[in-house]
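Only one chain is given next, in structure tokens, and it is the form predicted alone.
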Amino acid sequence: MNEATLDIAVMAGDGIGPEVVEAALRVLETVERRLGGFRLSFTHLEAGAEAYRRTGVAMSEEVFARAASADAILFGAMGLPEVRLPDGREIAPQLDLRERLGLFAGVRPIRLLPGVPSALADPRARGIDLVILREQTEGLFAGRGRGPVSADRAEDRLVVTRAASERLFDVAFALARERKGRGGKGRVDLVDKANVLGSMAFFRAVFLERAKLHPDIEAGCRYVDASALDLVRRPWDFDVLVTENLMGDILSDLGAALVGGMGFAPTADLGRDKGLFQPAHGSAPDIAGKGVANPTAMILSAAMMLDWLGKTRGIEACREAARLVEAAVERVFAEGRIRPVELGGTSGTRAIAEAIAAAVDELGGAAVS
């Protein structure tokens, strides 16, 4: 049987990016060997703050074109606090990639893994399993580098369009439907500030229109401040939260804090036919090179990549590989084989990767559902 070869652009980036990417590649190579049915071909591309510091360009057009032509992009972390553009902003090629490739849907699962402690003492926290879906091409980020700035005044603009909102909401309802098929709640809640901002009132109106096309899924609307409160007070009640760019950026970090920290927060940035997969955390230069970064979010992001490739390319082996990686991650934490440094343990980046790769081998002989 011919195995499909998938072209993966690897952009490791800055700080701990290369370390967590190396860990994810270790697991990907193991699951590819263990299952078969597909091949992953990795092309390593240079971009980020270090590239900017050395060349004056954070991401060359050649690098962008190569990444854009790949089947998927595996992304570590980019940016360093001390490396900034002339206007004071940090280097952020990931935002450029979202805009230029139309990666409008930021899918951010918030799920508490077995064996990982929550910041919440309530035993119901074990049931935290939700997704924050963030619009990534508009919102307040649309003003990035475009607003007028003077010595006395600075402005950024918030942009919401019907077309971008409709495509985002359709993804939200499809995601809730898929989760419902696996025992989820089948509910989408819009998070906005429609009581204050006209752009958010428009956002809500489009959402309610779109909800009528998905009568099998419950729909509700919530203000962002109340949502932040309830994410801490009762996060187990939520299913899919869909929101504007900046609000989603903030709430997803809050959600990560509930399930162990940023080292447990994977992300998929999806467009119509493009996908970029990265951990939600930043480059963490304070721990770079020390071998203590938790690569779990990066490994789970790689699993999301496999699942997306399986869906979009029609390769069931990729989806099986995604389930296997997720099951391996759950096993090592549930059994207490590893405890990341960020949780007070001693398991470093390489040890976590090796433990998960070993669990992939152990589970690979059995069907994973």
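Note that the structure is predicted; figures quoted are calculated from it, not measured. Numbering starts at 1 and runs along the sequence shown.
Keep in mind the form predicted in complex with a small molecule is missing from the figure; the text below concerns it.
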Taking the small molecule in the predicted complex as the reference, which of V116, A284, A72, L270 has a non-hydrogen atom within 4.5 Å? A284
From the list I299, L276, L241, A293, which entry has a heavy atom within 4.5 Å of the small molecule in the predicted complex? A293
State yes or no: in the predicted complex, is some non-hydrogen atom of E330 no more than 4.5 angstroms from a non-hydrogen atom of the small molecule? no
Touches the small molecule in the predicted complex: A23 (any heavy atom, 4.5 Å): no
Would you check, heavy atoms only and a 4.5 Å threshold, whether G76 touches the small molecule in the predicted complex? no
In the predicted complex, is there a heavy atom of the small molecule that lies within 4.5 Å of any heavy atom of A280, even though the partner is absent here? yes
Only one of 230-238, 285-293, 125-133, 168-176 gets a heavy atom within 4.5 Å of the small molecule in the predicted complex; which is it? 285-293
